[in-house]
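In structure tokens, one chain follows: the form predicted alone.
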């Protein structure tokens, strides 16, 4: 059994945070965030990443969490009871998360070896993301506390996933924002298997671990890509903000007449082309378009039967919500107003600050401005391996619509 790191050896006895009166109510409801404005006083001198004991104003124990000074989320809770945060604790939490994915049959099927193993608050581990690509786990730590616990996390993954061949830490970009300038991405355990072949429901995917966005791919669209695949036979498909072509590969799997991938990144488009070749698809059915999405949409999309709009998050915070809404309205209006009658639009938002209701109203507003008849055929969201904690509704970040345009 791995020994606990020094940060956990000291446990709760060194640092205690007391909340202001009535600020404990959210923690009683098991919400995992303590905001800086809720703190009344701190006994001790915790550093960024230290484990702290959290108490109500009069001393009632509320749990333990990772301390993050100089940020709005001052504490990310790990537990709401008295328990030791040691190697056994990490193994138990990770075992529970893996059981969820195993019960979803995401770890045993021959044509599917890509999924999210740990989804931060959705699995009770705020600040931690772990994605799985064919025997390789890719870790992203979004807080200093999780970075300090990396050894425990890796050891637990090795024990609970016997087939694991490698663990890749892809946290440098995130950690440099909080002051860790010397952190680099790379393997922290094992290696990439020589026969490494990430597959998503039969679709072989080229994963760029070193330079790719997020953990190398956007796993959260897996089931939405499969829906596109089911609707693509004989269709002409335009995949806007395509990144490495996940939706394009799904459309080609479904037998589309052609798939066009549009992105501003040549590297991403090159990887999309690699995935087309890897899957044995006819390269003549796929075309990469290196262009600005807004400029391209100005020219119209009437030649396509299906258009996919999957932009990056337009709003990173609530303060950017208005600007984001305008961005979503603009790209959807430009697509809708020139789409041919009977065509389909897959449109998405991954901005946490824009909820389902606001996103739907924004797309409807774009349809009204376009003077088109629009029907909502499907409401889409993140898959079950990106679970939303019942106590943390903010975790429901991905929302989408499939529209028929007439």
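Fair warning: this is a prediction, and the values are worked out from it, not measured in the lab. Positions refer to the first chain, counted from 1.
Not pictured, yet referred to below: the form predicted together with S-adenosyl-L-homocysteine (SAH).
Put simply, residue 312 is close to S-adenosyl-L-homocysteine (SAH) in the model of the complex: some heavy atom of it is within 4.5 Å. Using a 4.5 Å cutoff between non-hydrogen atoms, residue 189 does not count as a contact of S-adenosyl-L-homocysteine (SAH) in the model of the complex.
S-adenosyl-L-homocysteine (SAH) in the model of the complex is not approached by residue 84, whose heavy atoms all lie more than 4.5 angstroms from it. When contacts are judged by a 4.5 Å heavy atom cut-off, residue 131 does not count as touching S-adenosyl-L-homocysteine (SAH) in the model of the complex.
Listed residues 71, 172, 264, 92 were compared with S-adenosyl-L-homocysteine (SAH) in the model of the complex; 264 is the one with a heavy atom within 4.5 Å. Residue 242 is the only one of 242, 143, 232, 224 with a heavy atom lying within 4.5 Å of S-adenosyl-L-homocysteine (SAH) in the model of the complex. Comparing 256-264, 176-184, 112-120, 153-161 against S-adenosyl-L-homocysteine (SAH) in the model of the complex, the single stretch with non-hydrogen atoms within 4.5 angstroms of it is 256-264. Three-residue candidate spot 304, 337 and 376; no residue lies within 4.5 angstroms of S-adenosyl-L-homocysteine (SAH) in the model of the complex by any non-hydrogen atom. Contacts between 267-292 and S-adenosyl-L-homocysteine (SAH), taken as any heavy atom within 4.5 Å in the model of the complex, involve 291, 292.
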